[in-house]
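Below, in structure tokens: the form predicted on its own, a single chain.
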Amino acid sequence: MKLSLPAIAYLAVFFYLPFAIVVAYGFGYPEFTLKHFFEIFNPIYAQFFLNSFIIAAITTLLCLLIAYPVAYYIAVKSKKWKNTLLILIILPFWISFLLRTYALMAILSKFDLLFTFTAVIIGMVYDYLPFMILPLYASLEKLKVSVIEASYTLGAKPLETFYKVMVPLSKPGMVAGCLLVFVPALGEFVVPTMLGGVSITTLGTLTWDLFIKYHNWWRGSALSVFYMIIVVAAILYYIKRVGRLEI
């Protein structure tokens, strides 16, 4: 218990205290009111919610489509190159998120894609792809090649083997990956702002505007608390269905 006190103190000061302040402002500090939560459901904010959901959904789907064959190859086919390939997947995390985004801006500007919806999707997939690959790898690594071979022996075609054998066995990793990509992508601020410009408005950009541009801490806090509720609900749903995160 004593060894954990520094960590608990750190979390209390730099996480729980700021979060408590946000919750307090969300409920109308110094008064108590729920009006700020009702205000975020104003129809004028509908486009922000819709844009965020569309971007998060497309990002999650593309990450899943790209990550599955990559994770399968690393887990089942790569053999002696497995560790090297995993390092290459993790390598971008060693570079600042902002620097990587600036690099993407330079590249996309050469193709006249900067400040477009396509640029935002490219940036989102690039930044969140490892979060999909790693959970899938953790699930697929447990997949025995003999199971796949047995499926072929019993007459199943490759597509049938994929849907009836591989997908069910890798489902925990798929769900974990989708959760780890969709939830943060829903509230992403940096990528839509830097790669999409003013043409792409999301929950992240809306929260920034409410806090910094309009100095409306109450409505911004209410929006942040609402987003946190979505995150907690998604995690609880996953735990209920799968049991634990596989990363």
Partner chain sequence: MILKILTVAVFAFLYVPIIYLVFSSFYDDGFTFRNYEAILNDRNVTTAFFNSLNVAILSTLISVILGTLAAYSFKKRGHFLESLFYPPIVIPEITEAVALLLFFKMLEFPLGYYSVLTGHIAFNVAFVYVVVYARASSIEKSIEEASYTLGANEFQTFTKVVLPLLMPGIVAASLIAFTLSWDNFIKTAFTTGPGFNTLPLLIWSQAARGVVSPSINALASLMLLISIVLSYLYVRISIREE
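Owing to the predicted nature of the structure, the values given are computational and were not obtained by experimental measurement. Residue numbers count along the first chain shown, from 1. For the two forms, the rigid core is made up of the largest set of C-alpha atoms that agree within 1.5 Å on superposition.
Quick note: we don't show the form predicted together with its partner chain, though the next part is all about it.
Shown here without its partner, the chain carries Leu85, Met194 and Tyr227, all of which come within 4.5 Å of its partner chain in the predicted bound form through at least one heavy atom. Only one of the listed residues (Val175, Ile122, Val165, Ala138) places a non-hydrogen atom within 4.5 angstroms of its partner chain in the predicted bound form, and that residue is Ile122. Its partner chain is not drawn, but in the predicted bound form it has a heavy atom within 4.5 Å of Val70. Using a 4.5 angstroms limit between non-hydrogen atoms, Thr153 is distant from its partner chain in the predicted bound form. In the predicted bound form, at least one heavy atom of Ser221 sits within 4.5 Å of a heavy atom of its partner chain. With a 4.5 Å cutoff on heavy atoms, Tyr126 counts as touching its partner chain in the predicted bound form. Contact residues in stretch 185-201 (any heavy atom within 4.5 Å of its partner chain, taken in the predicted bound form) are Gly187, Phe189, Val190, Thr193, Met194. Put the two forms on the same core and the Cα of Leu11 is off by 2 Å or more between the shown form and the other one.
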